[in-house]
Every structure is written in C-alpha cells, then in structure tokens.
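Shown next as structure tokens: one chain only, the form predicted alone.
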Amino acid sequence: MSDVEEAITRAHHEEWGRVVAALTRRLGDLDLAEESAAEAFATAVERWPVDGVPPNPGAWLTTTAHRKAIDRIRRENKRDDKQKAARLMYGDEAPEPLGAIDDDRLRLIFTCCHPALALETRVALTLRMVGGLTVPEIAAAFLVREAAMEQRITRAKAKIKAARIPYRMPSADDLPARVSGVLAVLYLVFNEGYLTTGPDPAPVRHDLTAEAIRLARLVHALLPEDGEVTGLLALMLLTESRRAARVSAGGELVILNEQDRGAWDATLIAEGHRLVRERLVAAAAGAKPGRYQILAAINAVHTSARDVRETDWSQVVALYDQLVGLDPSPVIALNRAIAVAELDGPEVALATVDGLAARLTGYRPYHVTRADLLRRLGRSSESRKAYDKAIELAGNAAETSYLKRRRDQLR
C-alpha cells in the first residue's frame, strides 16, 4: 500500500464521522450528508495521488463534501432548493443554540439513537453514520445477513427524514431515557475497534477505540451520576489498557491469559479502577449495578492480577452470576463458563458450553471456547473440528493465525 493509499484509509477511519456529522448539522439530511461525504472521499482517491495529501485532510474532506452537497442541491430546479443552496454557501442560516456539550458527533449519535427507532436500528445506524463501519462489519456485529442490515439502515434514515427527527442534543429531562441506546452504540464501536470483524489489515483499530472512549467521556461529563455511563467508560478504559499486548509482533492475536502484563497501560488501569471503586461506593449505598458496571468490575479483577495465576476466579464467577441475573443471554452464559473452567475445571464448563450449541451455532467465540476446553480435556480430534469451525467463522487475520497455530499444535 502506497503512502497516499494509507493516508486515505487513515482519513476514512478518523474523519468519516466528523465529516458526516458536520454535514448533517449543516444540511439536516442524513442521506445527503452521507452521499456527499462518500463523494468527497471518492474525489480524494482521484486527487490526492496527483496533488498530494493535503495538510489537513479532515478540513479538505469536509469542504469538498460541502461543495458536493451544494452542487447536488443546485441541480434541482425548485426555487426553494436554490435558496437553500445559497444559504448553505454564504452561511445566512441562524446557528442552533448549543447544548451543555457541543460536539457534532455526539449530537449525531443522539439523533441516530432517537426512541422512534428500534434499539438495534439505532445502534446499526450510528455505527454506519458516526463510526464509519461498513455494512458487512455491522452485519457481523449483529449476526445478521448483509442485505437485511442494509435494509435496516436505509429504513432508519427514511424514518428520521419522514418523522422530522431533529439533529440536536435531547433536553435534560429526556437524557436518561435516551442514553441506553447511546451506550450500546459506543460499546459496539469500541468492540469493533478492539478486534475488527472485517478484513481490515489492522486487527486492532485504535481510531475506533479512541473515538468510542472520547465520546464515552463526553457522555460521562454530561451524565456524571449515571452508573451505567460510568461503568461503560471504566470498562472501555480497562479493556483498552491491554491493547498493546493484544497482538504479537508477528501479527497473531494474544489471549488474555498469555499477554505480557508489563505492557498494559498503568494509567488507564488506574483511572478504570477509580471509576469502578466509585460505583462500588454507590452500590454499598443501595444503588443496583447495571450490565456495564458489572463487566467493568470483572475487568478490574483481571487487571488487578500481576500474573494470571493470581486472578481471583471465584470473584469473577460471582460477578458473572450477578450479570446472568440481569442478562440471561447465551453469550453471557458462555463467558461465565470460561471463568468456571478456571475455577471448577474444563469438564464442568464444557457441559454448560455444549448446552448452548443450538443458540450459538454461528457465533465464533463459542467454537473457540469449545475447542480450548476439548483441548484441555485431551479430546484432540473433537478439538480440531471445533478449531476448524472457528477458523471458518473468523474474520480477522490475527485471530485466524492464532487459531490455526493452536489447532496445528494438537496431536
């Protein structure tokens, strides 16, 4: 890949959300904003190899996309469209009042997460419009077909336009009810960055994890007393602290138990632990912890152990027991079984995992977990088959490399 191609790829990762959000604020039309942004990036593909990469790629892309939008409006023959184009060009429109925190992408997230849309649709739309994830990447995150996801996103944008859903921060009274959808969005964006599901050459996308954390900090500043907002921020920080040890020098995924803990980010761990302690104090005062707070506490246990052998697995299992009470999903049951394997042995865990087969057939971590448990029990032939299935479902080169090595070690 040439330097210019790398610059374009990096700009798409870093600037897509900014460009779309800025255009949406100006145009009030998601479709027009997305299409104009796409045209701007297409122009960059043509121009940058000839003219060179501009000093400020984000500003270049935003300006180009804005001009593309004006050109689209001017091609219309209606008088009011021409007047709108003039206002967009010369900036005659009165600015909208600013909220407690003025951030275009945060405003766009709340627009995409409007309660008029189904929760899954809010998440998918925001991943596309703000996170810049492709439809295949979003479909993989939801375990659905690409065509179905494409239709879901298209219908969501049409509904926002038809219902005249405003592009603005919700009022203080509406914020608590709206925040759960935003947290789900940020968590999925973060997870996609922490281990990409698509054929992205980078197995870990720091731009996505950093963006999710940045927006989580903004939401936390807006709602400092919301336990789940605090919990999600802590969870992200503690997970991000392990990023440097996530992939080996050879490009292979390194699982938690095998990571070099000396490479973990002590500053992020300290901040994450502080937030977890903050929520523990609230829980002692009677506040019931939610899903993100419990997940953050689990990660706090892991990051407190200087060596994997020092991990308090009984505490991890106890926390998962709380989580199952809130979210009895098969994915949570699978994660609990992984901890049970360390506490009670792989045979006990395998019984639970096998009971989840019908609901997790297409879920890659299920087959990874089952392969590992079978390997530890000496059932090599069955383990190999499970690794084969996991490799078939893996969409990341680093993880594929790790799984193939583990499979080939079997005798």
Partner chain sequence: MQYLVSVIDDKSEPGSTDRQPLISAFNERLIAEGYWVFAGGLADTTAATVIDNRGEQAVVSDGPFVESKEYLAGVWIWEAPDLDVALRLATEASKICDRKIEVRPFQ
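Given the structure is predicted, the values throughout are model-derived calculations rather than measurements. In this text, the rigid core denotes the largest set of C-alpha atoms whose superposition between the two forms falls within 1.5 Å. Positions refer to the first chain, counted from 1.
Beyond what is shown, the protein has a form predicted in complex with the partner chain; the following relates to that form.
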Seminar exercise, completed: Partner contact check in the predicted complex: of 158-166, 207-215, 238-246, 317-325, the stretch with a heavy atom within 4.5 Å of the partner chain is 158-166
Exercise. Has each of Thr361, Arg364 and Asp388 got a heavy atom lying within 4.5 angstroms of the partner chain in the predicted complex?
Worked result: no
Problem set entry | Among the candidates Arg261, Arg74, Arg178, Arg277, the residue which, in the predicted complex, approaches the partner chain to within 4.5 Å (heavy atoms) | Arg178
Problem set entry | The single option of Arg152, Arg336, Arg105, His114 touching the partner chain in the predicted complex, heavy atom within 4.5 Å | His114
For this session: Indicate whether Ser171 is a 4.5 Å heavy atom neighbour of the partner chain in the predicted complex.
Result: yes
Exercise. By the 2 angstroms cut-off, has the C-alpha of Ala172 moved between the shown form and the other one once the rigid core is superposed?
Worked result: yes
Problem set entry | Core fit, then Ala296 C-alpha moves 2 Å or more between the shown form and the other one | no
